[in-house]
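Encoded as structure tokens, the following chain is the form predicted on its own, with no partner shown.
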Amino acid sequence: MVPVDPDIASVAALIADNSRALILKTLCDGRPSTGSALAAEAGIGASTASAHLAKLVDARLVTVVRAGRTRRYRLARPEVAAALEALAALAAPLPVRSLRQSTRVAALRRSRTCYDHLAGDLGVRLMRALLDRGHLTGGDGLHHPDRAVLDRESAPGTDIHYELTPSGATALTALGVQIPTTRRPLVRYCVDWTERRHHLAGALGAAITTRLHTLDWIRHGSTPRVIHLTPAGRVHLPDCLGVTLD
């Protein structure tokens, strides 16, 4: 089959709708969510949300997870979250109009999920620590907009080639992280839209995040995507991984 150009416009048109964009951003939490919960987050009615979700499912941006009679939705693949993170890095910030909104923005900037890996200030600090300890190599963790050919916001995770070092594999295995051996790329990065630095993505970023949840060093917040650092995490992340915390 002769390769053809991807139909970027059709995907962009789906994301361009404000309600669908809010639904997709909510699903960047990485966990399945019901249609009613997504409708509430987007501030729309259940029937309207259902119509939007049907379009997103048809476009293979969202998939349906069934549990008995309950239908839950989640992003179809990590690349959807990476694309949203890249768009967020390019977009101008929305005006903050309430204390609640300001609090939520601050929480998202502090620590959040980007599909299945850590993002925000905490995610960037984790990436920095892994580089400083020699567990990762290949880049400096910084976003260089002046080197657009090498570090493009529009194509995060592919321009700079990070690698897990043998010492990194040893240290993470000792922490209980199961180093993935799947077809998914092991080490990728995203240009963090709030910090303008790199945070760790790929199968390794997901595996580390899963382990930190298991250890109860981080927990999901009540707001989608928000992650809270626990007291145990404040003690052990600096000791075990060298993550600097305020």
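For clarity, a rigid core is taken as the largest C-alpha set superposing within 1.5 Å between two forms. Every value quoted in this text rests on a predicted model; they were computed, and no experiment measured them. All residue numbers refer to positions in the sequence shown, first residue = 1.
A second form of this protein, the form predicted in complex with the DNA, is not displayed here; the remarks below concern that form.
For the chain shown alone, residue 44 is a contact residue for the DNA in the predicted bound form, at least one non-hydrogen atom being within 4.5 angstroms. A residue is said to contact a partner when one of its heavy atoms sits within 4.5 Å of a partner heavy atom; residue 52 meets this definition for the DNA in the predicted bound form. The DNA is not shown here, and in the predicted bound form it never comes within 4.5 Å of any heavy atom of residue 32. Residue contact check for residue 73: one or more of its heavy atoms lie within 4.5 Å of the DNA in the predicted bound form.
Considering the DNA in the predicted bound form, the lone stretch of 198 to 206, 173 to 181, 211 to 219, 61 to 69 in range is 61 to 69 [heavy atom distance within 4.5 Å]. Positional change of residue 16 between the shown form and the other one reaches 2 Å or more at the C-alpha, relative to the superposed core.
Here residue 215 does not count as shifted, since its C-alpha moves by less than 2 Å between the shown form and the other one after the core is aligned. Once the cores line up, the CA of residue 203 ends up less than 2 angstroms apart between the shown form and the other one.
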